[in-house]
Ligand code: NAD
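Okay, here we've got a single chain as structure tokens, the form predicted alone, with questions on binding and movement later.
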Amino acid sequence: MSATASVVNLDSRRDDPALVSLRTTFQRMHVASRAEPPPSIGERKARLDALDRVIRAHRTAIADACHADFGSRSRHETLMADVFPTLASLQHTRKHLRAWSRPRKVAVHWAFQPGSARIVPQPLGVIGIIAPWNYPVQLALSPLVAALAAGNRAILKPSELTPRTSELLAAMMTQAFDPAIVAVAQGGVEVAEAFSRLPFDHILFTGSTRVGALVMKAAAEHLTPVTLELGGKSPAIVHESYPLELAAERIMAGKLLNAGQTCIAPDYVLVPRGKAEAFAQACAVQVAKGRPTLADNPDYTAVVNDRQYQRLQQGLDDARNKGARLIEINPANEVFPAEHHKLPPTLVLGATDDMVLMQEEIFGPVLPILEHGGTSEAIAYVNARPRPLALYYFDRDSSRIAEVTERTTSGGVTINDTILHIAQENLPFGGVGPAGMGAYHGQRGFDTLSHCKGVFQQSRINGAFLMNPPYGPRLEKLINLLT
């Protein structure tokens, strides 16, 4: 059965307008991607320029929509962590697009010379992008940059948990693109399920490990390749020689960005044995310095909704009931009404493996502080657990830094800071194991969403006839020489 026929039959008994629109949009894109020639470099750059213009024109609206969806979201964090990275990706991609798109000449085995070989990147077709709620603009539009650069068409499925931002994205894409090039599918779980069952040429999903597994299972029906950007418990390790106050400053900066609702936020920290109390005090000082008030501070983001807020509270209650000591950082001794969903930064001392906070990704402003007895012990602790999306190590000794990076496996690493590896367009961003599969950003994103086709071209004068039948002594000699 053809892919087009599959689309027509998918959910054919349902007449939900959102599902009908999704099927129709995909079918139109799929047919066009097979019938029309690949877009030129000029056309691709024009599409990237259109995306750049529409983002810049809606900077204020993006910040307002995110603020409304979260109940309170820092305008500066939206501009810094949603808008800026997307614009930086666009700038980097436009600069390098022509070089990435060129056929790449590769060496030919001597037995087949003077033939030539090259790798030719070409568009895959139609890309499905499923974005989460925590960075609803960056994690929808950064993959779109790679899709457009590679010459594809794309459908975005933003999260239903950030409806105002999703509506704004739909309006922006309608303004910037022909709907046969880029479209937005809005809706809840039913639309997301139907979306992941469409026979896309590639699906790029960002979200939880649990939902990622469901997306992969649905995509397998059509053998659709997937890139999964998931999460996990990203550790921060502090060596005893590193200044504790500086480590606290940089770890809390990464932890409290978007109130900890970041897939690569430090999930727990391992400090030298006997230093947990001192590190906790240093963290409290850093929070008070940067945010002397929290409850009504526009620069301190709220937890996105009541479900997530209650999940975090239950995790804290579980830790407390199992013997952990909780240190709430509340510099102005404010009251935090539950309905506002603002959770003060909370440190957890004495956390153990049987606590929910140490079993699941925290995804909030809660930081367990554990102790280690040296670099090897810290490495062993990390390696005994599922591989994380990110790892942070604080040390100035190059040999120990090399040891930690070589002996641990994580999606990415930042040394002596947090988060910043994701902002480097020349570094691939992706997970490993339960933290995800595949990577994008920069040229890696272009290659991920391209088919890098191998092409061999035979020369006019060649020795291929030597391998033709009838086989005999001449071919025996050639095989002996080759083997």
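Everything numeric here is computed off the predicted structure, so don't read it as measured data. One-based numbering along the sequence shown.
Below, we refer to the form predicted together with this ligand, which is not included among the displayed structures.
For the chain shown alone, residue 91 is not a contact residue for this ligand in the predicted complex, no non-hydrogen atom being within 4.5 angstroms.
Contact annotation: residue 214 falls within 4.5 Å of this ligand in the predicted complex, judged by heavy atom distances. With a 4.5 Å cutoff on heavy atoms, residue 208 counts as touching this ligand in the predicted complex.
Within 4.5 Å of any heavy atom of this ligand in the predicted complex lies no heavy atom of residue 99. Stretch-level contact analysis of 275-283, 150-158, 245-253, 113-121 against this ligand in the predicted complex, using heavy atoms and a 4.5 Å limit, identifies 150-158.
Every residue of the trio 230, 363 and 429 has some heavy atom no more than 4.5 Å from this ligand in the predicted complex. With the partner omitted here, the residue from 316, 192, 329, 358 that has a non-hydrogen atom within 4.5 angstroms of this ligand in the predicted complex is 192. Note on contacts: among 368, 132, 85, 125, the single residue with a heavy atom within 4.5 Å of this ligand in the predicted complex is 132. Residues of 387-417 that come within 4.5 Å of this ligand in the predicted complex, judged by any heavy atom, reduce to 389 alone.
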